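Take a look at this one chain, the form predicted alone, written out in structure tokens.
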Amino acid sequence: MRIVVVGAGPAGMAAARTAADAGAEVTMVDSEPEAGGQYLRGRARFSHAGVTHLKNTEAWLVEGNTLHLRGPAQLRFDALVIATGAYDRPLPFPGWDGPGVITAGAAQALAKQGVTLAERVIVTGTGPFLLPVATALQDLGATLVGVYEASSPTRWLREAKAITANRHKIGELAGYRKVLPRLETRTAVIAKHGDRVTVAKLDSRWRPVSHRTVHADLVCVGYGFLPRTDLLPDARRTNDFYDVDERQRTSVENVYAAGEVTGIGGADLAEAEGVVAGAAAAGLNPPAKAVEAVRKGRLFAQALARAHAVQPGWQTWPAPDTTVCRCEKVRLEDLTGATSMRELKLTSRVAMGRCQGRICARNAAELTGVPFDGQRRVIAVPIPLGELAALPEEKKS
């Protein structure tokens, strides 16, 4: 049995190992030079005799039981596990497209390589991911001006069931105790001009109620994550994430999904889902321990989504001339009265650039009231026409 796993983060590695241990022939495909994903970047040291690891390899299309790779090349499979993870969601504000503003994920990736880009830094956004990013930057010697959390911690008081099932998460906070004194809740960066940063206190809907100016060289922005679900555009989803059953099966035959493509819940949940998906893809019953870990982890993921949901008040932050789409230099005032995402793209060129809307499309939809379609693309990654032309011609029957 041949199983292909796309993604080499905690979910992908767990799926590959589990399927290989079950006797399957496993190929793990990943676009990075080493396994580990964002969480274990450069530290995973993945090795398994039963797994062929294709590094620096992009998958761009699933067609039947074939995975198309940049090259061009094709991998046929009996079962496919998608574990492609997620990427940061920034929110636009005046100055966000200028120097000195990067995503929180980018800041963490650089920090894991021992690189910090500035002396005075701010981490702003929502969710627990802000704390490890701030800690990593501070450990490298950066001066932490502030960690600004747009939501309120009181939202977690409604999530007793999830907290009880995931008590170990509370213990993780101790690892971030050095940055907690710099944490301000119901607070966000809403503008940056040079080293002058406008920091606002927010109401429960994230509308600014007061503001002040601080000085910082670097602002790291992260308002949660958007899943990388491009490879399976027709699979059923809920809030952009793949719907899966208790065996991690998607609505597409012979295709499973694990990790952040099914919901954001941390590395431990991603790994447990990978074990379940790898076992199920190989035709085995998933281990009971992994199934229980998934159950508990999803309680946390659902609570996280509720407690740190992006609120509509952020739409008051951009000015008319604020860039919304960086690839095509589309400003807020350029967005038209479109009634669909397709019409919005054609009339303003928003989401038509190199990133294909991965950064801007959801924000543009919320700013205009246009329904967000989940960016369902036929081709998952940008690919030169020459590679498409190099594909073998299909024989007509």
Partner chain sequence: MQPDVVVMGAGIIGAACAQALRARGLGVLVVDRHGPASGTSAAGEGNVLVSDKEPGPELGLALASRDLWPELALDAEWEEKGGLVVATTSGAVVPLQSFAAAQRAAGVDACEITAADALAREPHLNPEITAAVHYLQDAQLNPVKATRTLLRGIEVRRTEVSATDGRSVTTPEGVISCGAVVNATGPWARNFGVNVLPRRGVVLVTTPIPGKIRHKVYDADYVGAVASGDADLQTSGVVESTQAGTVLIGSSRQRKGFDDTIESKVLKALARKAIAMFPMLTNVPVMRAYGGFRPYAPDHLPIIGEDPRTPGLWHATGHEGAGVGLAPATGRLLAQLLTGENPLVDPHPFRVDRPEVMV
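Keep in mind that what you see is a predicted model, and the values were worked out from it rather than measured. Numbering follows the first chain given and starts at 1.
Below, we turn to the form predicted together with its partner chain, even though it does not appear here.
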- Message: Please determine whether G36 contacts its partner chain in the predicted bound form, using a 4.5 Å cut-off between heavy atoms.
- Response: no
Interface membership of Q356, its partner chain in the predicted bound form, 4.5 Å heavy atom rule: yes
Can you tell me whether R331 touches its partner chain? I mean in the predicted bound form, with a 4.5 angstroms heavy atom cut-off. no
Quiz item: Would L391 count as a contact of its partner chain in the predicted bound form, using a 4.5 angstroms cut-off between non-hydrogen atoms?
Solution: yes
Partner contact check in the predicted bound form: of 360-368, 39-47, 333-341, 26-34, the stretch with a heavy atom within 4.5 Å of its partner chain is 333-341
Contact with its partner chain in the predicted bound form, heavy atom within 4.5 Å, among T347, N56, T52, N65 goes to T347
